[in-house]
Each structure stands twice: as C-alpha cells, then as structure tokens.
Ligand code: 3PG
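Before any questions on how it binds or moves, here is one chain, the form predicted on its own, in structure tokens.
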C-alpha cells in the first residue's frame, strides 16, 4: 500500500517545494544549502539531466537538513536508482498502475501526478490519497482544484506547473491543497550568476506563505 502518512508528513512541512533541474553536484549543493537556509527544506530534484542522480547523492551527503525528492520519475528502474542515491520520496508527472505498484514495493513515499478527476479516482483506488496536480495552470488551475474538493473530499493535492508566488497564495488557501511546487524560486538568471542572496530571499518569501 502507498505510504500516505510519510508523504503527508514531508509535504506539510513546507508551503512550497522548489522543483530543481540541475546538471550535477557542483550546481546542486550550493543551491540546496541556499534554499534550506531560506526555510525551504523539502526539495525536488528532477531526473531530467544526466547528473541528477549524482546531485541527489551529493545533497544527501552534504546538506543533511534537506529532504530530497526525485522528480520526473517515469520507470521502475528510476525508483531504485533514486532511492539508492538518497531520495526520500518520489514524484511523477503522471500516474500508471505499474509505477504505483513499483513504488509501493520499494516502500517509497510516492506523489503521482494527475490532471483529471478520473485520474485522481484511479490513483485513489490504488490507495493514493495525496496527489500531484500537474500541469496545474494548463489543467484548470485553482478553479478546477476547488471543484474537486466536494466530490473528492478525501484527496489532497500538491499543484505544480505554471505557479508563481502570487498564485501560490491562492492555491494554498484551498482546503484540498497541502503545498505547491514550482521552479520560480530559482530563477535561471539568478542561478547563472550565482545570486544566492536573491534565491535566499525568494525562499524566505515562500517559506512565510504558511
């Protein structure tokens, strides 16, 4: 069965989970330290680069206060690879029974992505009561999630996709939203220039949303 309690414990600890796409340890470690210093201790490192697993491993060893999730998990092999690297939870952009079963066997807290009521019901039938709503803005945004709260009151969501700090406040006001995810906390230009002070400030703004 899915480990909903462990996942809830992780997600409720922060209002915003930064979604990070990094090339390796040299990029990931200073960024993780900056975000943790700003109050965002839960991080999602997407498996979109060749160096993502090395980045997760480095953060796990060098930034002990960070809780690391592996994002863009698409296959069974990525589940075992991410957990071996040090990820403590898994995130997928979509949801399939095969991936859900593999995560359950690995006893990994797993946040599967859904974009419709039918997909949410399908994951709920498999025991998932905490879901990623993705891509949040293109899929209907705040109004869509609000409309799901009455027919699906037992489900909780982490919306991700197209969200900024202003929209985050509105999402977090919904009764069925536990936190939000996004990349706006780490602007590309700030990363390129190593403007850690700006990223720290953005992290503090996000951490104060709840």
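Positions refer to the first chain, counted from 1. No experiment lies behind these values; they were computed from the predicted model shown.
Beyond what is shown, the protein has a form predicted in complex with the named molecule; the following relates to that form.
The contact residue chosen from 30, 141, 162, 51 relative to the named molecule in the model of the complex is 162, the criterion being a non-hydrogen atom within 4.5 angstroms. In the model of the complex, the named molecule sits beyond 4.5 Å of every heavy atom of residue 89. Residue 182 belongs to the set of residues with a heavy atom inside 4.5 Å of the named molecule in the model of the complex.
Using a 4.5 angstroms threshold between heavy atoms, residue 14 stays clear of the named molecule in the model of the complex. By the criterion of a heavy atom within 4.5 Å, residue 19 is counted among the residues contacting the named molecule in the model of the complex. In summary, the region of this chain contacting the named molecule in the model of the complex, judged by heavy atoms within 4.5 Å and restricted to 99-107, 130-138, 79-87, 117-125, corresponds to 130-138.
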